[in-house]
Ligand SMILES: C[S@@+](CC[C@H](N)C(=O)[O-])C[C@H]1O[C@@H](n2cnc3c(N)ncnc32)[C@H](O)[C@@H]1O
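What follows is a single chain, given as structure tokens, in the form predicted alone.
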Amino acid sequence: MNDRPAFYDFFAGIGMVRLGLEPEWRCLWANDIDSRKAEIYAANFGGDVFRLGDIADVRGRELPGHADMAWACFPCQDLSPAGPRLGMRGPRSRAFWEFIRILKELAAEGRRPPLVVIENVAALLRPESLAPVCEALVRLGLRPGALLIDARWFLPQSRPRAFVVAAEEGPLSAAAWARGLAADGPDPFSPWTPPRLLRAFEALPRRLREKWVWWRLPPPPERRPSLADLLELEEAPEDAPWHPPEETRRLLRMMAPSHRRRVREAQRAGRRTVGALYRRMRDGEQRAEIRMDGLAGCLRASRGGSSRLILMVIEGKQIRSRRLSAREAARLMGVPDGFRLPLRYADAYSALGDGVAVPVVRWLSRHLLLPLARAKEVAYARHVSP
């Protein structure tokens, strides 16, 4: 099976990108700085290709073979609206520039992968962040384009993420146009290129807009599982027991009137309704905010209890609440039940919230990355033919 395209997995975490790419792809090398994530990665995939440590200590010559793609999910704290908003100049974003350094070292050896994927929070599309990322890729001889993909099209979780996909300029980028994988302009009807992305593109310097690629993906699947489908609602999991009634009442008291009204409307409906609740600070006061649209809010890696998703199950007069279990959190990320999770709840929840939704990776691979990898072989064979 060595004819499968190969990839390097930077900032691999527990291996959720690999879950989405395999078996069509094979991983040559992976890394992460977190030893607890490394243990889970090894428990599920083995440790042969994993390198534990700071990316600043990695040198291009250490990476094996010739990969067709490099995937990087660099830390998001400097980009996230919940963080200090330091952008690509922040200390955590330093990891991206180390990634670029390694690509340069691979290029000097003639081994820079012809495909590069960078995934991060949607705030990556702010002009002050997107421009330096695209500039770095263009200087490496790559043509970048971006997609904004929300996991809600595949899973009952609202999780918009930016994916910058860059292809080597020359035969490969030309093949992308020839195969209908790329276009000169955005598809106005595509959910993957919303107005936010169009504004980000318009804010780029002209020299970067001229290198931009508008990637094409088909519409999302028509059906996705419901939130209730992924939950254990009859008997609570061991790591997520039902709250005592007083705790549920406390959460209800923390709701603003509009959110309490949603609960009352669900009670009057009489059928079982599952709400997804987060506690947030609003004007210096902690509030419980619930959504009843069948989607969970975005899972996050923060370890604070206020950032963890709480389930509220409403059946007539009965209202129960509990936290999301680790296995339920994994299902919300598209991770199969056979995947081994950390034993500690906090470690599992954090690792999952730090990852990328598996079905999103699979969709992007099936409809863009894998066709590009196959087009590369044809394009380069023609390029070198007499």
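Predicted, not measured: the structure shown is a model, and the values here were computed from it. One-based numbering along the sequence shown.
Not on display, but discussed next: the form predicted together with this ligand.
Screening R94, K211, R308, R152 for any heavy atom within 4.5 Å of this ligand in the predicted bound form leaves a single hit, R94. Checked against this ligand in the predicted bound form, the candidates F74, W192, F163, W215 yield a single residue with a heavy atom inside 4.5 Å, and that residue is F74. Contact with this ligand in the predicted bound form, defined as any heavy atom within 4.5 Å, is confined among 59 to 67, 341 to 349, 27 to 35, 313 to 321 to 27 to 35.
For the chain shown alone, D354 is a contact residue for this ligand in the predicted bound form, at least one non-hydrogen atom being within 4.5 angstroms. Taking non-hydrogen atoms only, L369 never approaches this ligand to within 4.5 angstroms in the predicted bound form.
Mapping the unseen interface onto this chain, G13 counts among the residues with a heavy atom inside 4.5 Å of this ligand in the predicted bound form. Residue contact with this ligand in the predicted bound form: L21 places no heavy atom within 4.5 Å of it. Counting a residue when any of its non-hydrogen atoms is within 4.5 Å of this ligand in the predicted bound form, the hits in 39 to 54 run G53, D54.
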